[in-house]
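Below you'll find only one chain, the form predicted alone, shown as structure tokens.
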Amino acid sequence: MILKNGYIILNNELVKKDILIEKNIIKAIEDNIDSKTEEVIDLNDKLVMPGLIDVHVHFREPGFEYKETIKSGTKASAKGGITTCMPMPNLNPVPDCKENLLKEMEIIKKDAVINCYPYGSVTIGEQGQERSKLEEFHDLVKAISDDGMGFNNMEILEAQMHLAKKYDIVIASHSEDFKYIKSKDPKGEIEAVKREIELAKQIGCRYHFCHLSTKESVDMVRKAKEEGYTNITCEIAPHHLVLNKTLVNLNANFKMNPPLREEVDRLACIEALVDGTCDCIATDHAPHSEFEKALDFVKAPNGIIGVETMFPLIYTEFVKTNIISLDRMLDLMVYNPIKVFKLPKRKLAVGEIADIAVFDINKCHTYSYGEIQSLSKNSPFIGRKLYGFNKLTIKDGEIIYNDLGGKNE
């Protein structure tokens, strides 16, 4: 297979190259590759990148298949140009022991169309009362989390931190103090981040903050990094970078946790994106049924889908506008996630596995309800005009998504 007339990112510049793939390996990246004996795909000046990595998704299976399944979630991810993801553990059963984790992994093996590295939980049932059986399954996961629930039993968290350090895996925190769960006051995130940073400094485990959303939180992570605590990392979701609380207007497709914050917080998140404080862009892809999202705003569940719009949002709002560079974009959505979570290497280079995504950065497209691959449709970005929608996804040398024949508007 030859991908012709695509642009790759080389030293922060777009450079036109052909790419030869044989079996599952990139065999050549050159100016003009002889195509006489190979299948040729003409990319017509689109951007070719390593497949994206999303370290924070909710695929709902097992337990909540009416919202999303491993199959539908990974297909939606493939549509978005994502070839590696990390599903969160708020499932039924929760992967808090080896037996439960293996149930999820069996479904992944059977149905996933992209690479999936599931989280284990930090506590039994994500209830915060008893630590999960990490000794049983540490060798099967890259990270553990109780995402959706904040850590409020510091004794249990400290014990799991010591084990996470021993086994060299990440603890990923949904930082939220229980005192503020109902009000969603930003103090809930700020106070939790403050105490967890101090504990992570003391113990030295690899500690990752999920979906940071406040100025104070990113400031604290920045300070920890400046002090040399490279074990402390964080992610920011696209919606906290492009939306603020003035847009909610009782529309449950704008309801998530952490919620949309003030404009000063959004700007602080962008600053963290620019200056290196933010390590990863992660979607917190959280599908819910249309029935659930149609409930009264207070009763509707938190969360929005995001795997199909991650790249277009970041490219349109921050790369096309020269707020971040092409290289920084690569780091945020490919190379830093690999580094933080010690995932298998993925790189657009000769000799590497062909995990590739092809994005149309030249034409604007309006994201529509009808094109959504996820089982759930709870996106605040329906109707938004964006550049950079994915057109072709290749995993292990095989095409898993192809929209090169589609029309843009």
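Being a predicted model, the structure only gives us computed values, none of them experimental. Heads up: residue numbers just count along the shown sequence, starting at 1.
One more form of this protein, predicted together with a small molecule, exists but is not displayed; see below.
Participant: Only one of 185-193, 116-124, 161-169, 298-306 gets a heavy atom within 4.5 Å of the small molecule in the model of the complex; which is it?
Facilitator: Going by heavy atoms within 4.5 Å, the stretch is 298-306.
Participant: Name the single residue among 261, 75, 208, 211 that comes within 4.5 Å of the small molecule in the model of the complex, judging by heavy atoms.
Facilitator: Checked against the cut-off, the match is 211.
Participant: Quick one: of 84, 100, 90, 233, which gets a non-hydrogen atom within 4.5 angstroms of the small molecule in the model of the complex?
Facilitator: The residue from 84, 100, 90, 233 that makes the contact is 90.
Participant: Would you check, heavy atoms only and a 4.5 Å threshold, whether residue 265 touches the small molecule in the model of the complex?
Facilitator: Although the small molecule is absent here, residue 265 would stay clear of it in the model of the complex, with no heavy atoms inside 4.5 Å.
Participant: Does at least one non-hydrogen atom of residue 157 fall within 4.5 angstroms of the small molecule in the model of the complex?
Facilitator: Flag for residue 157 set to no.
Participant: At 4.5 Å between heavy atoms, is residue 131 in contact with the small molecule in the model of the complex?
Facilitator: Result no; residue 131 lies far from the small molecule in the model of the complex.
Participant: Heavy atoms within 4.5 Å of the small molecule in the model of the complex: does residue 257 have any?
Facilitator: The answer is yes: residue 257 has a heavy atom within 4.5 Å of the small molecule.
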